[in-house]
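The chain below stands alone and is given in structure tokens; this is the form predicted alone.
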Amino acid sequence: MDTIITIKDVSFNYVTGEQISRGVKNVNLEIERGSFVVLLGHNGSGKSTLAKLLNGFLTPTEGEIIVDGINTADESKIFDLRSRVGMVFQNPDNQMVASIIEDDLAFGPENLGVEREEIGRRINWALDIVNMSEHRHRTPTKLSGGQKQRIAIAAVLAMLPNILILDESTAMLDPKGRSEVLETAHKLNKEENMTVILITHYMDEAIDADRIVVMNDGEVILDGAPSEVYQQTDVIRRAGLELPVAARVSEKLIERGYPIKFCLTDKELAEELCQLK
């Protein structure tokens, strides 16, 4: 796989009056095309700031970010950049601009100058991807939280981005809604080869990722596969995060001398326990 995002020596400062605070500190990352990456961290860790830097909402104070060949600081390319990097935020209501779902999906492509016939094809495709085709003529206010977020994703997809960033997109949802959004994100990654960056503080949402990047106080403190990152239990806890239940249970059993491996999921833990004699 080739690199689609390069983040080199990037820092970003928030300036309020005479006060300066660091949102991101000297971050270096490369993200491969078609990968599913989770940015993990507690509130204020810098993960959402980094997301806004990726599609040009913010510009680095230091360093540079290259996204799909575009320098995010190049103002002449900002329109092109945002058509390639789609973002879905925490509250889907804030992203909806029309009273009918298919009109909401048409809004982005229309602003990109896409022809009407092509817009229709994109709407059909995007709604089908998120399993919401039957709702195209409904008003978003009648949908559940998970359904609204799937429509928000579809509206972004209608602009044919290469990268999908979900910025705490499951934070306001119940477990069913969270599951619906995660299933959609993984489907896009696997079936459409879309690069997905999921930003969250829910540890269980990162288990199936290709890669986890943990941030704390604006810095990257861990970076690797879930099985590697989650075993750094002391670092995880110092970052203000809590391991998934299966990981905590297996960790305690290992400490007490039980011959099992460190587990990330309930299924893995059950299989390990069944093998104990």
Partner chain sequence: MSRDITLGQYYPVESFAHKLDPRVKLLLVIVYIVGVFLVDSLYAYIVVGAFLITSIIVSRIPFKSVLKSVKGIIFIVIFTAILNLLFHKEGEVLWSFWIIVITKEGVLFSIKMALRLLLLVLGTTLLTYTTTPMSLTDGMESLLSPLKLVKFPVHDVSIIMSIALRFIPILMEEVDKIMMAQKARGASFDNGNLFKRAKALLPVLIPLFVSAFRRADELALALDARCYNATPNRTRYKKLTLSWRDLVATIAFAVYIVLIVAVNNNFWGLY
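If you're wondering where the values come from, they're calculated on a predicted model, not measured in any experiment. Numbering follows the first chain given and starts at 1.
Quick note: we don't show the form predicted in complex with its partner chain, though the next part is all about it.
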Requested in this report: Decide whether Asn162 counts as a contact residue for its partner chain in the predicted complex under a heavy atom distance cut-off of 4.5 Å.
Outcome: no
Query raised in the report: Taking 4.5 angstroms as the cut-off for heavy atoms, does His201 touch its partner chain in the predicted complex?
Result: no
Query - Asn193: touches its partner chain in the predicted complex, heavy atom cutoff 4.5 angstroms - result: no
Query - 4.5 Å heavy atom contact, Gln95 to its partner chain in the predicted complex - result: yes
**Report entry** Among 67 to 75, 107 to 115, 184 to 192, 127 to 135, the region lying within 4.5 Å of its partner chain in the predicted complex by heavy atom distance
**Finding:** 107 to 115
Query raised in the report: Which pick from Arg248, Lys52, His42, Arg33 sits with a heavy atom within 4.5 Å of its partner chain in the predicted complex?
Result: Lys52
Query - Residues from 68 to 87 in contact with its partner chain (non-hydrogen atom within 4.5 Å) in the predicted complex - result: Phe79, Arg82, Ser83, Met87
